[in-house]
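First, one chain by itself in structure tokens, the form predicted on its own.
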Amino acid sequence: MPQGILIPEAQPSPDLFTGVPSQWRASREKGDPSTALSKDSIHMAERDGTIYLVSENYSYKSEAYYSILEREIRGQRVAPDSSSILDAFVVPICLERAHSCGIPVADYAISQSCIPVPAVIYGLNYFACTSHFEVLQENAQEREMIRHVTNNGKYPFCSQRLDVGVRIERKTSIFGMVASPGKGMADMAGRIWECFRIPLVEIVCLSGPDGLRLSSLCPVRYSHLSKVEKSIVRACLSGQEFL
């Protein structure tokens, strides 16, 4: 299982790649132009007969989705596969699949009405993106926020109760690795990688006295990556081992 890469973001140079395998560093220093992380760019790396596809957007009917589908039709091994990305970004399905893989997940409910607060809510409709969740507090305008998430009540939403002492923790996973992981996040990222095989994804967890529980998986914009995270992505794409 991949381990977290312990790279303090507050210490970039001179040793930016502390904890990263030395062969990654050599490849990165060559400055391969094919690893430029520009908006909407899609990148591929092949290992042991599997094509790994890195994208900002794996959603249904996206360019990445059709690229994956095309390779599956050709009989090629590709990661993530189409079923994994369809499962990953619909919160209830994501949590059920993760649970089947032995990953601790948040308790959830599906509703179209008011719910106990505080809670995290995710939209469940064709246009919903897991990155755009809402956190309902006791003093929040609950009805207005639910109206926004449900498109004026047309669609249901998924809610997760925030108990006392529970907070939201978010980390970017790159081939199952996270830069500067907190307690338990390195293990969580590795287990999610084994379950979904998504090279670039944000992990949203509920962190409390019982540890981390998966709340959702979200797409990641290249522009939101830290310098260290971009370096890890480029290193992985430069023809070096990452599994």
Partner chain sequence: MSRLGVFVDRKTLSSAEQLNALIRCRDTAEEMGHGVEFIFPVDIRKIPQMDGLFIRARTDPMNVTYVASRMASFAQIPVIDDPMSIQICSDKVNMYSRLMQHGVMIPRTLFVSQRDLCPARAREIFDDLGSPLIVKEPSTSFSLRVEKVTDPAGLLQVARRYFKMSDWIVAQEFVESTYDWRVGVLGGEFLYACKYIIPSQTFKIQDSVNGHVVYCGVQSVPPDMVPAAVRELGVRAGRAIGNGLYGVDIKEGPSGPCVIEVNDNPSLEGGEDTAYPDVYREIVHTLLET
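Numbering follows the first chain given and starts at 1. All values derive from a computational prediction rather than experimental measurement.
Absent from the display: the form predicted together with its partner chain. The rest refers to it.
Note on the interface: of 170-178, 55-63, 208-216, 184-192, the segment with non-hydrogen atoms within 4.5 angstroms of its partner chain in the predicted bound form is 55-63. Only one of Val117, Ala79, Met145, Ile93 lies close to its partner chain in the predicted bound form, with a heavy atom inside 4.5 Å, and it is Ile93. For the three marked residues, Val164, Leu225 and Lys230, no heavy atom of any sits within 4.5 Å of its partner chain in the predicted bound form. Although the partner is absent here, Asp87 is a contact residue: one of its heavy atoms lies within 4.5 angstroms of its partner chain in the predicted bound form. The closest heavy atom approach of Pro104 to its partner chain in the predicted bound form falls outside 4.5 Å. For the chain shown alone, Ile42 is a contact residue for its partner chain in the predicted bound form, at least one non-hydrogen atom being within 4.5 angstroms. By the criterion of a heavy atom within 4.5 Å, Tyr108 is counted among the residues contacting its partner chain in the predicted bound form.
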